[in-house]
Structures are given as C-alpha cells and as structure tokens.
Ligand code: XLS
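Just the one chain here, laid out as structure tokens, in the form predicted alone.
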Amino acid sequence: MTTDPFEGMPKIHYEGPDSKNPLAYRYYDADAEILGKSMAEHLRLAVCYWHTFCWDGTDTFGSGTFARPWQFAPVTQAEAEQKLAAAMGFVERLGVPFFCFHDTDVMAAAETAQDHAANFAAIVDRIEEKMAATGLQLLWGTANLFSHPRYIAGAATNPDPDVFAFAAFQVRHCLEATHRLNGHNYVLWGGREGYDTLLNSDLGRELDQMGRFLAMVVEHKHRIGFPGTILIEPKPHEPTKHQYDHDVATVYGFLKRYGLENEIKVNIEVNHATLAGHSFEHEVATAAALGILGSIDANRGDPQNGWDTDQFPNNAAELTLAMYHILKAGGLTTGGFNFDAKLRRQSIDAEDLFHAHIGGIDTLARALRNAAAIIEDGRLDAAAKERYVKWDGAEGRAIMDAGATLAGVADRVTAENLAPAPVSGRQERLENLVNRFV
C-alpha cells in the first residue's frame, strides 16, 4: 500500500448549495455565523474511530467486505500507528476539528493487563504527536468494556468483582489518557450493563455496583484534575435484553439515586433514542429540561429494522426540531456531534467514507440553519409562551409557591366559581409553521 491510503483525495471545502461536486460541502460553511457563533462552533463535529477505521463490514450473516489497508487482526504497534496515520489523514481532509476513540480501537492487541497498559500508553504517545502536528482535538475518549469475553455479563454490573476491577483498570488508564490529550469529555457506554434474564440476575445489587463504579470515576476525575465532562450514553437494549441506562429519563433517575446528577451528563445517540421508543427530539428536550444535555452521537436507524443500524443522518427535516431544542438550551458546551455511524456493507470503496461524512455533515448544517431560522422568526417560541402565560400570572405563581397546599388551591375553585374551558393546542398550525423552514 501507499503511505497514504487517501492519496489523491482532495480536502473537502464548502462550495455552496449550487455545487455539483460530490466531494464538497453544500451547506456546511464552517465560518458562517449562526446566532452569534460560527457553524463550526455550534456543531463541533467529530469522526469516530471504531466504525470508521475499525469495523470491516462484518455482520451476523457474513464476513467483512471492506478490506481497508489499515485494518489488521491481530494488531501490532506498527499496525496501530499505520491505522492512526490513516485516521488522522482522513479527519484532516474532511476538515472537522474532532475525533473520538475507545481504548481498544487505537492500541495494539494485548493479552495481559500489563500489555494493555503498555500498548495503550505507547499509542497515546503517537496520538499526542499527531494532534500537535495537525491541530486536531479529542472530543471524548472511552474504554471498551463490552467486546472482550470477560464482559459477557457486564462490566460494573458483573457478578464477578474481578471483572469490575478490570473495568476500573481500563477506565482509569483511558480517563487519564483523555485528560493528557486535553479531551473535552469522557464517555461511559455500558454496552452490556443490563441483563439477559432475571432468572440469574440480582437487579438491585447490579444497580448499586454501577452506581459505585460511576462514583469512583467521578472521584478519579476530580483527583487528577480532568476539567472535561463525564457522559453516559443511554441505550434501551441490544446486546442485552434490558439495559440499566434505558433512556435519558432513566439515566437521570439513576443519577439522582446515587447523588451524581450534578456530575454526569448524557451523550444522546439518535438511533438509541428511537430504539427506546422515543424521538430524538424528545430525548434532547428531556435532557435539556433536566439539565444533563451533554453531547450527541449523530446517526439514524432504519424504521423497518428493530436494531441499531447506525446509518449516517440524511434527513434535515427530522433533525431540525432536535437542533432547535439544542439551541434553545444554549447549545452543546463541551459536547459536539460525533458521527457514530457506519457505511453500508456494499459501500466498499474508501471514497465512500468521504461521501457518507459529507452527507451527514451537510444534513446537520441544514438542520442548524433551519433551527436558527425558526428561533429568529420567534413565532414557535411565542406560541409556547402564550400557552403557559397564566402560569406566569398571580394564580400560577401562587400554586408553585412552596407554601401552597392542596386544600388551599382546591378552595379557590369554589371561592372564585372557576369553570375553565378547553383551549386549542393548535398543533397542526404549528406543524405548518415548522414546515415553512424545512
């Protein structure tokens, strides 16, 4: 192979909506100002290491189809560095500022804990050098606590405390590496933190174990001085029958129970939201309302499939209202939009990686522009405020006052002869309004 597997591929630039060039952005103009910030600052785009540079196209019915020149099994240190060079070259050409990784995505294969620590440290040295040379940043790091057979019954929730300890070992090294690389966040994805059957599961014990694990992570974050955000990524099921981080609301209840609601936020994945029976908009709005909106994994599912297909986003209209709620919440601070998405198995050319990311980036850019236009128009926001206007009056404030009682509120009905009439929610009118912008 050549030293650069993307030799001959251009750097991707913005050419505008009229461009016919498939290797150009039509809507993502990094420097364009939207609501007082550049588009790049709003979106904080990232390429993921695992699907983009590790997945070979394998599925449950067939072997890999991609045969990328940087993909090896098992991986030596030299091969890990070769993959790193390919990854950084791709992200540079794409012109986005961030990348994300699991520990096992980037490092040479390891048989023992000692090998794991040494091999991971060796590749972190190289990553640091590449980041300094390219200016690329780490949006977040995370440890793979689900692929190895030791995690067959979970990591923090495993019935064996030795597995818990090994998971702590991996997270410690990855969190410290993320800190060293000036990562903006650290993600905990409990890929197998759940159960396949309750016949052999002590659900209460496993929840306590998971709470203890997260508390230890938070304590270590503060001990080493990591300034980034700790994130949990909700997912309802798959691979386990039921996962303890089912959705945003479940995660918030869990965090409240263990006193971590001010320490940990959520990394919301679009496809996980729909697998939980929610819309992406719902999960974003819920996280914003609860004060735990952190970061986004940008992808989509297939409505005809009941599993996590991790396809690249391609529908700006579907993403517009989710983007609206993100902007209304003040935007993503340390977070960003990470493309946790993978090519289809028939997209076997390396160039297809560019087409997929360009399309996903342009989709997010269009949704951002749409959402900003809705906010600037003001009518959608005004309609919601009008609907709740009486709660801002004397009667509404009195009900919400800490001294209000059920009896006192009820007595007002007879004292004032209240007979409230229903008021139209005007849903269709608002849907028509939104459609003017998408």
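Here the structure is a predicted model, which is why all the values come from computation and not from measurement. A residue's number is simply how far along the shown sequence it sits, counting from 1.
Keep in mind that the form predicted in complex with ligand XLS is not shown, yet the notes after this line are about it.
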Candidate spot 102, 189 and 269, all three in 4.5 Å heavy atom range of ligand XLS in the predicted bound form? yes
Would residue 146 count as touching ligand XLS in the predicted bound form under a 4.5 Å heavy atom rule? yes
Quick one: is residue 140 in contact with ligand XLS in the predicted bound form, heavy atoms, 4.5 Å cut-off? yes
So in the predicted bound form, does any heavy atom of residue 49 sit within 4.5 Å of ligand XLS? no
Since only the chain is shown here, I'm wondering whether residue 235 would be in contact with ligand XLS in the predicted bound form (any heavy atom pair within 4.5 Å). yes
TL;DR on 316-324, 131-139, 269-277, 165-173: the one with heavy atoms within 4.5 Å of ligand XLS in the predicted bound form is 269-277
Just one of 308, 206, 362, 81 has a heavy atom within 4.5 Å of ligand XLS in the predicted bound form. Which one? 308
Taking only heavy atoms into account, state which residues of 316-355 are within 4.5 Å of ligand XLS in the predicted bound form, ordered by sequence. 340
